[in-house]
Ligand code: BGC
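Just the one chain here, the form predicted on its own, laid out as structure tokens.
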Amino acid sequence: MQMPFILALCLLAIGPRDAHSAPAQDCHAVSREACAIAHGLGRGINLGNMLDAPREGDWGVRLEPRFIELATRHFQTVRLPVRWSNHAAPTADARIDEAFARRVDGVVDALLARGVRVILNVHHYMQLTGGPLHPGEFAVDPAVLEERLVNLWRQIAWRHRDRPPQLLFELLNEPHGTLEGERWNRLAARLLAAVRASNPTRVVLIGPGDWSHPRALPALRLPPDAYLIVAIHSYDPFEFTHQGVTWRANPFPTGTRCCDEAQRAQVVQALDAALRWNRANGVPVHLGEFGAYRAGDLASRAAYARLVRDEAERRGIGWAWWEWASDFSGVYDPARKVWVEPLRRALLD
């Protein structure tokens, strides 16, 4: 049968298993190359709130070369969120600003040169999902919203067509709101076709709706394609991870600690749902975001980080912490130029 054969090839590609290894995810619906990449994603970090701000630096941090050097020394995968939509023409062709594209190219190439896998995405296309625009973000004619995204991916994919397979594409961060269900399924198929025109075997990540939470996986209808990974995000328990955030209409009160039995159960339920979906569908999953806002006490945030890390690894799911050096539990303090040690230890020791 094909399933055991592909799984065996994947395990050979991964190499010897260490004490942190877990049973491989089911890969019967994808190629052995995609399977091997999925199982090699390992421990990752998001370089967030930099290139995904309306303009780099708007959110208090810029992507410095030292960040690349430090992050790639310790993490196997770097997820690179990019707000392409605010650096492209407002028309349907979405011609990307060349200076911005070269900036992203430079970061991608610097990361790849350090030997890590890179997940390059489209992040914060707010108007497409019906959310309020961020300060500094411009609106476009609603009639061209989807076509712009298709054309963004045509350009992104073409620019990176010769990069090695260690570069992965993620079609859209956290589809939600007005971009749910069949609307997202149809658009995702169009986006993937745009990528495949120039990158026929590049591994592509597609997340479900509902902010890519595993509970939305049953509604995700993937196009037939052998080079896919499904992106999932989980910030459970939400009242803990999002306590004190300033952008919620009704902020959660601060002072919530982590992690009691009920909170642990929420983490486990989300990851178990993802693993059940994987076993049923044969497409590997990747936990592209989890994290806790800085308003929570540091000891609890570290306990949460270690809990999710351990539970994901127990299920053979690679992960990427949100995030590197900004206010949503950055693992590195850019002002003091030091690691936030409780978080670093929780994620890496």
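What you see is a predicted model, and the numbers here were worked out from it, not measured in a lab. Start at 1 and count along the sequence shown; that's the residue number.
There is also a form predicted in complex with the ligand; it is not shown, and the following applies to it.
Residue heavy atoms within 4.5 Å of the ligand in the model of the complex occur in exactly one stretch of 155-163, 252-260, 119-127, 187-195, and that stretch is 119-127. At the 4.5 Å threshold, heavy atoms of Trp84 stay clear of the ligand in the model of the complex, well away from it. Although the partner is absent from this view, Glu174 contacts the ligand in the model of the complex, with a non-hydrogen atom inside 4.5 angstroms. Although the partner is absent here, Trp322 lies within 4.5 Å of the ligand in the model of the complex, judged by heavy atoms. The closest heavy atom approach of His242 to the ligand in the model of the complex falls within 4.5 Å.
Taken together, the three residues Glu33, Asn199 and Tyr227 all stay farther than 4.5 Å from the ligand in the model of the complex, as judged by their closest heavy atom. Contacts between stretch 278-292 and the ligand, counted in the model of the complex as any heavy atom lying within 4.5 Å, involve Glu289 alone.
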